[in-house]
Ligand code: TRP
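The chain below stands alone and is given as structure tokens, in the form predicted alone.
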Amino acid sequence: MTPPPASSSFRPRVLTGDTPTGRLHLGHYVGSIENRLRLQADYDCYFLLANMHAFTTRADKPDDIRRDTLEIVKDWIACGIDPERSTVVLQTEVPAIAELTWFFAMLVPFNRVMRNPTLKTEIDSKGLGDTYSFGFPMYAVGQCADILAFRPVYVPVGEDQVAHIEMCREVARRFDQLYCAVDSHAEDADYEKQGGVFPIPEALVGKVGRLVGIDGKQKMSKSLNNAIFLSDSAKEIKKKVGQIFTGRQSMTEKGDINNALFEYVRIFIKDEARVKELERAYAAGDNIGDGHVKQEVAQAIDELIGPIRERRAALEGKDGDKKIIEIIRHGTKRANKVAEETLAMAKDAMQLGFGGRNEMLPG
């Protein structure tokens, strides 16, 4: 979905983010990062580092989570996220998010949370069985608070996150109906006009909702070891693209242009005429091997990643870490003003407004 253009006098708010699990890969780029880059020129963008959520499965690895938090911001900045135009937010330094999570947990039945298909997929893919922490399913509610704390109208995500956004929309409707007397038959676009605290946010899925990994089967993922990272060298990219399985045996065998390799052709080779020619020759078995196609794909991916890789290299080392930490601190300070305003509005609607937080803290 492409959002309508923002007016010169009003910049609608956008919120999205990533859980720190390691470096970002191509799936993140085409699924969400590209959308973020387009939106930050005309929208009030907030990009959240969900480091609290990382503890739901890695509570015993705080050092890794801290490192991965810095690594993700390096990837963001290298891709083109501009901290002067967009706000980088550290989840654990925004206390309003935790409070809203608690309130929202009262509005969502437990069985609804556990029916979330993304949650069920993560339990299976990470092999959690029934050993996951009590906090793990809470992160699905926490994501609602991550988003609604900033009252955005759009949330750029990959296809696999749409289910989370739908639950967030349900929570926003439920809160506004219960505490703000918004008519349950109101159109989503009218909730704020009818006095709701929260707008009903819309998911913005990138041009590629789900990029298949180099195994040709599963979604690209670090945990599945099938990812091409945004910091990979040209040599690593060539090696990984070479692993994409097609099942084709010879250059004269008619090929399936709907396989994983040609998904990459259509996404990363920008010359449309060349894409059509590759499709024609491959489908006809016209003396074109998988190796040749892979070489062109690897070159196209490196042309995309090369500048990102160079900008990222400039952020390495202690000086780079200091710069990233300053970006996080500056953005989070700005974000807390918005989140505290949202929390005050929500607490007033819930008849919990007995004075501002700062007024009740010891002087």
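From 1 onward, residues are counted along the sequence shown. Please read all numbers here as calculations on a predicted model, not as lab measurements.
There is another form of the same protein, the form predicted together with ligand TRP; it is not shown, and what comes next is about it.
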For this session: Name the stretch: of 317-325, 48-56, 331-339, 63-71, exactly one has residues whose heavy atoms fall within 4.5 Å of ligand TRP in the predicted bound form.
Result: 48-56
Exercise. Within 4.5 Å of ligand TRP in the predicted bound form, heavy atoms considered, which of 175, 191, 229, 139?
Worked result: 139
Exercise. Here the chain is shown alone; which of 116, 161, 221, 246 has a heavy atom within 4.5 Å of ligand TRP in the predicted bound form?
Worked result: 161
Exercise. Does at least one non-hydrogen atom of residue 157 fall within 4.5 angstroms of ligand TRP in the predicted bound form?
Worked result: yes
Exercise. So, in the predicted bound form, is residue 89 in contact with ligand TRP at a 4.5 angstroms heavy atom limit?
Worked result: no
Exercise. Applying a 4.5 Å heavy atom distance criterion, does residue 147 contact ligand TRP in the predicted bound form?
Worked result: yes
Exercise. Given that the partner is absent here, does residue 346 sit within 4.5 Å of ligand TRP in the predicted bound form, heavy atoms only?
Worked result: no
Exercise. Listed by sequence position, which residues of 14-31 have a non-hydrogen atom within 4.5 angstroms of ligand TRP in the predicted bound form?
Worked result: 15, 16, 17, 18, 19
